[in-house]
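Starting off, we have a lone chain in the form predicted on its own, written out as structure tokens.
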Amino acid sequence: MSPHLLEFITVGFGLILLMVEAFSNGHRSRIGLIAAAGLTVILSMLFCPTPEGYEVPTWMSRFYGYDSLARFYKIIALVSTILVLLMAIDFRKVLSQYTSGDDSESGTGEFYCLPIFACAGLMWMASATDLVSIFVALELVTITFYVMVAYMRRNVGSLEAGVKYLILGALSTGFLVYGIAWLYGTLGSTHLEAITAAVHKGDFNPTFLLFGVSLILIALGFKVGAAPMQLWIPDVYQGAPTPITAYLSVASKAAGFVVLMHIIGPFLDAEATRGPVVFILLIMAGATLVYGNLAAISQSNFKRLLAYSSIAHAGFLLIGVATSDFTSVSFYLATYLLMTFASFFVLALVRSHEGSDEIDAFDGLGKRNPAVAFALTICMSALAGIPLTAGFWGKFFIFKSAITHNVSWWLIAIAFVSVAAGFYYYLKVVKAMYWNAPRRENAIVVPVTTQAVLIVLTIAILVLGIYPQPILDLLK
């Protein structure tokens, strides 16, 4: 299978599912199962050997590239989308309540099709080699998310989240287009290889170039949830449907970082631009860590806590980008996928039973369902970076990279304090599950899909915490 065909297959699959949804009756959750199964087949194609002597066709070569890093982020995009679809199937009662207003599920069919188009955009972003193709793929993803965030049209919070995401997303798009225009005007090309050659040649106006880079950093800061464009995250995460919140937190962030690494890489390699660009990235990382962690401490809503947590993790990832250690960044994102999706599966389960996203909805979960409480305890421990979990290795590699590259002591100090703060606000969820009395005595019944996913993700977090080599092998 030629890798460049996978995105076309994904889009075609999405169109077919839309047609099936338009002419089908009954439970729309079957469409979700078909979508997850189809994406699993596409994921398996990524592990097939690339044909010997494979090259991207000439008509695509300017805009599309394929290497181990692109393959890794395509895997993240596909796995994330499959998990979102599986979560949406078990979340369908809440979706039906705020779309069709009853249990008919008549208004939920498109919800299982839209993530497929977002997935195609995320896969194209991983392989984009030109600023134009990056922009087009990014907009495909963003426009799809506009619809999915505001999908629960009978829920005021979802509509509010959609409006905020739309307005700030349009603003960030303006910054991105303006930044691309400045880079094109300064370097004479939008192709990343030509930009790399021009930057190393040194024949440019540094003021104009750095202004363009700053605009692009602000725009991509919106996509990854980094300061100063992080203010949208708490409200949008809280109002969006829980599966889409998880999708935004993982897949959208991963795609934003792969684009950031593609665009910023040439400027980190060149002597003329390395210093100012690294300085900007470190300032953004420090501000993001401080804001995310301090704001998370006082949260009583679990969704908002995970939103501020997402901002804090973006700060750690920016440190990896500033040190040009893209392997550590990619490893961190892979482990973040496991921890975050497992947490959101538990959140969706509790939300369906209790009708609340508040942390006190988890009171006594250790008595009502010990297995689910144990899974969430592992997730919170991993997000905090406790040893023998996958999250520990993610933070370890980032700190190792920062110390090896002599990152400013003040930023390393902020990162250490951030880790300590994480212990507090993550483990207060554990406290609620085991120390607080349950609000209800009845046991929480776990659907088969959620149960299977939680078992797989929890085992993966523990196994990778002891032996992280499988992810490193994928990155090779």
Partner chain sequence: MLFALIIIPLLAAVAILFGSPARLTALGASLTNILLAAAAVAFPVDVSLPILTDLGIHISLGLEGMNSIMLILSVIVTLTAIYSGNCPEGREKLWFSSILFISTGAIGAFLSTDIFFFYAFHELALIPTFLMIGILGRGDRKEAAWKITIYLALGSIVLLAGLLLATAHLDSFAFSDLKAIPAEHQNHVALLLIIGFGTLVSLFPFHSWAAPAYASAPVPVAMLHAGVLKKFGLYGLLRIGMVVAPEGMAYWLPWICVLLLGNIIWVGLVTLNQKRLDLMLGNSSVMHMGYIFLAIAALSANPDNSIAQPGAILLMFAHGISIALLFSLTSVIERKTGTLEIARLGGLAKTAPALAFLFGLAGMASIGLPGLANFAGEVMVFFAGFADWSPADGMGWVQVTTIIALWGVVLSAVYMLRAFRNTFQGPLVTSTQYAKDIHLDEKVPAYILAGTLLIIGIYPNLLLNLLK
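Numbering follows the first chain given and starts at 1. Remember, predicted model here, so these are calculated numbers, not experimental data.
We do not show the form predicted together with the partner chain, though everything after this point is about it.
Undergrad: Look up in the predicted bound form whether Cys48 has a non-hydrogen atom within 4.5 angstroms of the partner chain, and give yes or no.
TA: Residue-level check for Cys48: no, no contact with the partner chain.
Undergrad: Taking the partner chain as it sits in the predicted bound form, is Ala443 near enough to touch it, meaning that at least one heavy atom pair lies within 4.5 angstroms?
TA: No, Ala443 is distant from the partner.
Undergrad: Residue-level question: is Leu472 within 4.5 Å of the partner chain in the predicted bound form, judged on heavy atoms?
TA: Although the partner chain is absent here, Leu472 would touch it in the predicted bound form, with heavy atoms inside 4.5 Å.
Undergrad: Does the partner chain come within 4.5 Å of any heavy atom of Pro387 in the predicted bound form?
TA: Taking the distances in the predicted bound form, the answer for Pro387 is yes, it comes within 4.5 Å of the partner chain.
Undergrad: If the cut-off is 4.5 angstroms on heavy atoms, which of these, Thr323, Ser381, Gln299, Ser96, is the one near the partner chain in the predicted bound form?
TA: Result of the distance check: Ser381.
Undergrad: So the partner chain isn't shown here. In the predicted bound form, which residue out of Tyr151, Phe222, Phe399, Tyr308 has a non-hydrogen atom within 4.5 Å of it?
TA: If I apply the 4.5 Å criterion carefully, the residue I get is Phe399.
Undergrad: Within 4.5 Å, heavy atoms only, one stretch in 356-364, 76-84, 248-256, 372-380 touches the partner chain in the predicted bound form. Which?
TA: The contacting stretch here is 372-380.
Undergrad: Out of 446-476, which residues reach within 4.5 Å of the partner chain in the predicted bound form, heavy atoms considered?
TA: Residues within 4.5 Å: Ile466, Tyr467, Pro468, Gln469, Leu472, Lys476.
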